[in-house]
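Here we start with a single chain on its own, the form predicted alone, put down as structure tokens.
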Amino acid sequence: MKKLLAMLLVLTMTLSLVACGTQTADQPKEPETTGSESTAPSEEPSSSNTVDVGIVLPTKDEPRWIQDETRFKDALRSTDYSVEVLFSQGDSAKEKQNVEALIAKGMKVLIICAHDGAAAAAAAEAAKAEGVTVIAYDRLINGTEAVDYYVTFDSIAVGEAMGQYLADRAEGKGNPLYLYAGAASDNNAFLFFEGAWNVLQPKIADGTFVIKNSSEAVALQNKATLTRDEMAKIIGQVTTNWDFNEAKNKAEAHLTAAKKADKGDVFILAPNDGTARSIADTFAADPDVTSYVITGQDAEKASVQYIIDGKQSMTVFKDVRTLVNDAINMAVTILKGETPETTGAYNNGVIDVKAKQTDVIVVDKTNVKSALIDSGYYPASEFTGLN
């Protein structure tokens, strides 16, 4: 009996030891150690998703910026550098998010057309903090040191060209003048207005023109040079915010308030082509408006047709092909470690930003074909009524 009990005890212990050394199917398996656990996955963007030149444009809602997107991509296609174009859709917060997304992809040069010249400082500073070279495109970014270069048309010259076109066509005294401007958030709106005022103010002071839609402009009409705050007061009354509908509504309100004597043969400073078409249609529909001369800029297709049809007087042609090429050439020069060519400087309230300026051309019915069709900017098939 003692022997039997001893054998049973040994058997029991043996089975217990076997059970302890056996892992059941539902027990977790211990992880294997490979020796690579301390190596974190790379946070660098993959080679197929890197960006050398990041481009941020203000909106897809205007033909100008859609055309620019295509031109930028075409211009960089012949280089060894990668590019990505993003749109901010009139939202400064989205603009900054776009810049941050491009930084995450290793962007080295940022070309940015600011939605709001002051608010865009945050986006520029975010890029600069990561060692990115910042090129302000077409619109200056204000109030920051984080802008390296500015590629632009001479915006004051654009305004002067519009003002001169009106002045050259005014005869006698007392010609009704209606002033409109771009967005107060856009530094260019101030430069365009400044240029136009340079030409129009002497003609206002001598009685050639009489301002009909801005009490602020009337109050300042004897000042040849306006401060930014003074311009802001005028622009605040006559801003279109670059919006077609706002331009239409403002023009309708002005004509409703105007007396018949304030109409007749009128002269209209419109800040760009989109607003010019809206304002022109509104004035054309008023039976008390006998004729109008109206300005514009950008040579948009729709406005070129308006010029051919006699519904818009002129546009300032800013050959965006040249501006895009200037911006891309500057970016490529920087990527090569070289210093780009500049032709002037603009003060943004903090620093003088070195700039590359591009010339502009006044286009009306007399030269629309030679300037825009024969130059290859647009095909003749896009328009009707060309001579």
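Counting begins at 1, following the sequence as shown. Please read these numbers as outputs of a predicted model, since none were measured by experiment.
Omitted from view is the form predicted together with beta-D-glucopyranose, to which the following refers.
- Of the candidate stretches 80-88, 122-130, 228-236, 294-302, only 294-302 contains residues with a heavy atom within 4.5 Å of beta-D-glucopyranose in the predicted bound form.
- Of the candidates W242, F190, Y306, Y149, W242 is the one whose heavy atoms come within 4.5 Å of beta-D-glucopyranose in the predicted bound form; the others do not.
- When beta-D-glucopyranose is considered in the predicted bound form, only one residue from E62, D326, D319, D52 comes within 4.5 Å through any heavy atom, namely E62.
- Although the partner is absent here, K250 is not a contact residue: none of its heavy atoms lies within 4.5 angstroms of beta-D-glucopyranose in the predicted bound form.
- beta-D-glucopyranose is not drawn, but in the predicted bound form it has no heavy atom within 4.5 Å of Q312.
- Of the heavy atoms in D138, some are within 4.5 Å of beta-D-glucopyranose in the predicted bound form.
- At the 4.5 Å threshold, heavy atoms of E95 stay clear of beta-D-glucopyranose in the predicted bound form, well away from it.
- The partner is not shown here, but in the predicted bound form the stretch 267-281 reaches within 4.5 angstroms of beta-D-glucopyranose through a heavy atom at N272 alone.
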